[in-house]
Ligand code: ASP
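Take a look at this single chain in structure tokens; it is the form predicted on its own.
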Amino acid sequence: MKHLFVILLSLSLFACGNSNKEDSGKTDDVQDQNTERYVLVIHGGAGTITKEKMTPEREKAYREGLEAALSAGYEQWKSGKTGLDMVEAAIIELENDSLFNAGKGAVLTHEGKNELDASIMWGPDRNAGAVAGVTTIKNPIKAARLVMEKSEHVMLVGKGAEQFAESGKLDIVDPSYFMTDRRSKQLKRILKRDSTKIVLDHDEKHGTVGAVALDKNGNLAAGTSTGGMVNKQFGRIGDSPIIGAGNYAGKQVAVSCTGWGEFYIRNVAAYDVEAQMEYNNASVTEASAEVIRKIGDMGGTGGMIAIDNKGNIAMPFNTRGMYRGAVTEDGKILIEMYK
């Protein structure tokens, strides 16, 4: 019976919403009655992620990447470090893994360049930092934290953000560091198919990584990092570096989003989870599912991860899949990708 309970618990953790547009916010991702306390949740993007499109080798690589990120963050938790340290450590692993759309291996703009965004937020005092449109900072999540802790600002962009990161002794790399053959081929394929218009398959062109954490002192933190939208133009910035839209941490909940950023901005999606918990007395599961429902009703796609101050988690999404994982305080790691 014990083994059966564990199986049922895992299935309930990673169930997700119906991908039909009319049901795009529904989710079975219920954790509020969970007896286990989670300390870290991560995502690696949402989109058309199906078993049919995945080779065994590629699935293994994604799972290993997610597990490495969870392990890095969990090591910080075991050492008694803050939620900020946990989030940063997990996201650095994902930024350094070329499989994910953040840091090395990020998607390319219409001009064939990498433009990276990231943000981080500390729940106890709602301090936050972000960078956008950077091209030379090896780990944008580090730059976001530097902005938060070493400046009076919340967001720095472009060359200014890069100069600030260099002055803070962060690793600066040549823009070619982020380029991969996979992303170059992706852009060429899209440009050939869509040579006369910007509009693309939105499941194909998005991707983000993120982490939310609950540390040993009961404090929450959230971080999000991305290469943005493939084939983006005109200096487009999505929700990932925007506090309250793609990333948020307060005293009740921490949230990181992934998906079609314009809809997350318009819905102030990440903050809306805490607002519903505070004003409507909703659980983290109910609040996050409602936000994804509203995004879906407007025509947006994607998902989010959330953790509350009791260690309950939710991971709703309205796409075919979302790379996601979580770890409990006793080190139990759970990873899933598909619907």
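From a predicted model like this one, the values you see are computed outputs, not experimental measurements. One rule holds for the numbers: they count along the sequence shown, beginning at 1.
There is also a form predicted in complex with aspartic acid (ASP); it is not shown, and the following applies to it.
Novice: Which residue among 229, 269, 220, 161 has a heavy atom within 4.5 angstroms of aspartic acid (ASP) in the model of the complex?
Specialist: Selected residue: 229.
Novice: Under a 4.5 angstroms heavy atom criterion, identify the one residue in 78, 126, 189, 236 near aspartic acid (ASP) in the model of the complex.
Specialist: Of the candidates 78, 126, 189, 236, 236 is the one lying within 4.5 Å of aspartic acid (ASP) in the model of the complex.
Novice: Quick one: does residue 261 come within 4.5 Å of aspartic acid (ASP) in the model of the complex, counting heavy atoms only?
Specialist: Residue-level check for residue 261: yes, a contact with aspartic acid (ASP).
Novice: Is it the case that residue 119, even though its partner is missing from this view, gets within 4.5 Å of aspartic acid (ASP) in the model of the complex, heavy atoms only?
Specialist: Because no heavy atom of residue 119 falls inside 4.5 Å of aspartic acid (ASP) in the model of the complex, the answer is no.
Novice: Within a 4.5 Å heavy atom cut-off, is residue 240 in contact with aspartic acid (ASP) in the model of the complex?
Specialist: The answer is yes: residue 240 has a heavy atom within 4.5 Å of aspartic acid (ASP).
Novice: Considering non-hydrogen atoms and a 4.5 Å limit, does aspartic acid (ASP) approach residue 208 in the model of the complex?
Specialist: Residue 208 belongs to the contact set for aspartic acid (ASP).
Novice: Hey, of 221-229, 84-92, 135-143, 177-185, which bit sits against aspartic acid (ASP) in the model of the complex at 4.5 Å between non-hydrogen atoms?
Specialist: Contact-bearing stretch, as computed: 221-229.
Novice: Using a 4.5 Å cut-off on any heavy atom, which residues of 310-339 would contact aspartic acid (ASP) in the model of the complex?
Specialist: The stretch does not touch the partner at all.
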